[in-house]
Every structure is written in C-alpha cells, then in structure tokens.
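Before any questions on how it binds or moves, here is one chain, the form predicted on its own, in structure tokens.
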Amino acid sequence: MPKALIERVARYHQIASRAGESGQSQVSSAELAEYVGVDATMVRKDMAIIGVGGRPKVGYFVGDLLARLNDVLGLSRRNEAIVIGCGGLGSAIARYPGFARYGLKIVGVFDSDFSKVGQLVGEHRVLPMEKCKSVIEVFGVRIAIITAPGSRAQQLCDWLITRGIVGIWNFAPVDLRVPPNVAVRNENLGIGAAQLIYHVNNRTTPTAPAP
C-alpha cells in the first residue's frame, strides 16, 4: 500500500480501538474522517481498497472493522522486538503497555553501560549487549527499537541488520541508512521539537473584535 494510505489505516485502527474500548459498536465514515483529517469520501475509498464494507446511515461495525484492520496491518500476528538503550526514553518505551494492542511484544532490553545492566525496567531485566545476538535468535526477533546516542546509532543499525533484524524504529537523533529490504522509521524528537517551537513562535494572533 502507498505510505499515505498505511498512515491513514493506522489512524483508523487507533480510532476504532478507542471506540471499542468506550463501548461504541459502530463508527461512521464521517467520524473517521474528522479524526484523520480527510473527507468522508476518502475514508470510503480507503475502506473499499482494504475490503471493509459499511452500511448506509450506520457506518462500520467496530468489531468487523478492527478485525480487518488487524489483518491488513499484520497486527494479528505477534511481533517480538528488542530495545537498545536504557536511558529515560528507552526505559519509558520498554514499560509502555500499549504496544500489546498492536501485537508488539518487547522480549529484551539492552544497554552497553554496565552500570545499568541488571536493573529492572518494568518487567524487563536490562541485559548486556553481548546477550543481544542470542535473544534475537531464540525469540526470532525481527524488530529493534534504538534509543542509543546518535553517534552509535548507524553502527548499531548495521550490526542488527546482519543479525536478521528487518524493522528498525529509530529514536536516535540521526536518520539511519538501511538496505531496501529493511523498514526503518526515524522519530527525530529534536526536529519535532524545533518544528513545534517554530509554529508556536510564528503563529498568527487573532485580531481582537472591535468594541
């Protein structure tokens, strides 16, 4: 699927999940469109592409919609992941319980700092990097989450790919270079912060109404 469609489908999944958790049995294309920021026609086209049928004046049944979105995104299958780097961000990611709804299970947390090895992060014991290769092999890990410093991120990325990792979620402040058969998502928090601050500082101030 095109990247833009994948992003919208992921948003549909999040909205449908919240609707189900709140006890809502149906969701309309207008509701989905409002949250995603597109028009209802686009929603209906997307649903037709991924094979989700709705009912006029009713919308989509949340249970059926979630089941199909899970299949399309591959969330029905559990994917094991590891976290490299146990600073504040890495520890928060390792503790986050929300990954379960996406079929993502963290099976190992690693750090090269021996002062952190052995510490408990959520339900995970921090392991030395020397154990990383064996955990990847034993659990069949395909996804790695990198929160290490930027100076080490590319080297770590290359090493992980040679060990069979095919998906990398990168939180280091650099854009990683990967071969075509490896998926990478770069989450540069510094760039995001800079963009947000720019928009805050350059926002248009509404003109006060005349008395």
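Basically, rigid core = biggest C-alpha set you can superpose within 1.5 Å across the two forms. Computed from a prediction, not measured in an experiment: that's the story for all the values here. The first residue of the shown sequence is 1; numbering continues from there.
This next part talks about the form predicted together with a further copy of the same chain, which is not shown.
a further copy of the same chain in the model of the complex comes within 4.5 Å of a heavy atom belonging to R185.
Using a 4.5 Å cutoff between non-hydrogen atoms, P173 counts as a contact of a further copy of the same chain in the model of the complex. Taking the partner from the other structure, a further copy of the same chain in the model of the complex has a heavy atom within 4.5 Å of a heavy atom of G74. With a 4.5 Å cutoff on heavy atoms, G190 counts as touching a further copy of the same chain in the model of the complex.
Of the candidate stretches 39-47, 146-154, 56-64, 163-171, only 163-171 has residues whose heavy atoms lie within 4.5 Å of a further copy of the same chain in the model of the complex. Residues E34, Y35 of 25-52 are found to place at least one heavy atom within 4.5 Å of a further copy of the same chain in the model of the complex. If you fit the rigid core between this form and the one not shown, you'll see the Cα of Q14 move by less than 2 angstroms.
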